[in-house]
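Coming up is one lone chain in structure tokens, specifically the form predicted alone.
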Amino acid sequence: MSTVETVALVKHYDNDVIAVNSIDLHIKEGEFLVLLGPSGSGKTTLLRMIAGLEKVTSGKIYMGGRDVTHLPPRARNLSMVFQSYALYPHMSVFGNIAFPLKAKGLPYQERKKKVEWAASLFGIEQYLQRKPRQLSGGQRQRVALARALVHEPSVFLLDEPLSNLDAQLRASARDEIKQFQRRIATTTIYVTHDQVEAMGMGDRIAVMNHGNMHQIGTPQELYREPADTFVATFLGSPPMNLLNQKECIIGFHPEHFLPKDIIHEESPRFEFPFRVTRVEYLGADRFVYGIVPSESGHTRVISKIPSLVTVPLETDQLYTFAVLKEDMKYFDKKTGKRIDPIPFSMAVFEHAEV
């Protein structure tokens, strides 16, 4: 295991594009950190700099307290799994997993022992003599993970390793990778654009956009206390509702936006006229789509209601929904940054037509 630290890390390209803008990270030994962001956010570039595959424009990278900023990948004692898995098609599964050990010059019997150990961790012992083309997508993914692990790296880097799998297989693979990482306790950095993956797997999540780090914290911290409107709308399914008001932007999660009759009458709350436009029944929950008034006119919002709550809701009907004051978030209109609660006028809601 090893700590990983980046200090004011910057990556510029020749056309003056800033891919990574002064990133400070400290990843603890054995931690599973997820780099989360949309395409072009800089998360993969940051990972590749940590791996030594991209040159650093400025800043420092430390592993286990050692400055590795300008060291080649082979000198960093890490392994990386790519989106494509990058398996050698002419080699067997055994040959693919053993490749990094053979490159180090380990004797055959020692290679065989380590390959069998790594294969057993991922349940692919029976496929060691097959070629990659004879495997399913999930099996190829396990081979790539076993190959990355076989030389027991101090840091494990994964760049969107599940993006080629179907939805059902992705869900099971997420669980497998997380359980495996807990078992071996190797420091892991995982890149994804999928917030469900990030929330389900990360000990902490670092949210990036346009090369900048917006917030780092546990999944619970980021969801409950987003640092800005970008984090608020990038996490959660559905994401946080935002309403533009004169004084600020107010935000609330769909599960906190409920028919007023199911909220305790004495609880301090804000009430909103809400015209329902569509209702989705999704088993355990109902997603209720509609509009509420805001400074800019009407804003579309979503309510998430447990299906066990049997409040009748019809499309194109007007209802009163409410949010507890303690569940309301506030953001600066100019910067989008989270701010302390401030008084704001509810007048826009009192006589509005929706």
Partner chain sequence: MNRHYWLGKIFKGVMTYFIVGLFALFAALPFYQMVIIAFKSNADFNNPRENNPFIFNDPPTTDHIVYLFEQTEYLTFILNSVIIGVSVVLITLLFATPAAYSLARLTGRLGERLGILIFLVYLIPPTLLFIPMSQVVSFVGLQNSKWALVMLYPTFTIPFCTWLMFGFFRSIPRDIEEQAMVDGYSRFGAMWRVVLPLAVPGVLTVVVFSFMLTLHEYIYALAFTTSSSEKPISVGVTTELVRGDVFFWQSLMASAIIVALPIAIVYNLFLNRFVAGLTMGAVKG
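Numbering follows the first chain given and starts at 1. In this text, the rigid core denotes the largest set of C-alpha atoms whose superposition between the two forms falls within 1.5 Å. These numbers were taken from a predicted model, which means no experiment stands behind them.
Below: the form predicted in complex with its partner chain, not depicted.
- Heavy atom to heavy atom, is F94 within 4.5 Å of its partner chain in the predicted complex? No, no contact at 4.5 Å.
- Task: Report whether the minimum heavy atom distance between R182 and its partner chain in the predicted complex is within 4.5 Å.
- Result: No - in the predicted complex, heavy atoms of R182 and its partner chain never come within 4.5 Å of each other.
- Message: My question is simply whether L313 lines the interface with its partner chain in the predicted complex - judged by any non-hydrogen atom within 4.5 Å.
- Response: L313: no, not in contact with its partner chain in the predicted complex.
- Task: Indicate whether its partner chain has at least one heavy atom within 4.5 Å of a heavy atom of Q215 in the predicted complex.
- Result: Judged by the heavy-atom cut-off of 4.5 Å, Q215 is well away from its partner chain in the predicted complex.
- Query: Out of the stretches listed (235-243, 193-201, 83-91, 280-288), which one is close to its partner chain in the predicted complex, meaning heavy atoms within 4.5 Å?
  - Reply: Careful reading of the contacts points to 83-91.
- Check each of T186, Q141, T229, S79 and return the one that places a heavy atom within 4.5 angstroms of its partner chain in the predicted complex. After the contact test, the surviving option is S79.
- Taking 4.5 Å between heavy atoms as the contact cutoff, choose which of I302, V56, L53, M328 touches its partner chain in the predicted complex. It is L53 that has a heavy atom within 4.5 Å of the partner.
- Message: After a rigid core superposition, would you say the CA of R74 moves by 2 angstroms or more between the shown form and the other one, or not?
- Response: False for R74: its C-alpha shift is below 2 Å.
- Task: Inspect the rigid-core superposition and answer whether the C-alpha of K104 shifts by 2 angstroms or more between the shown form and the other one.
- Result: It does shift by 2 Å or more.
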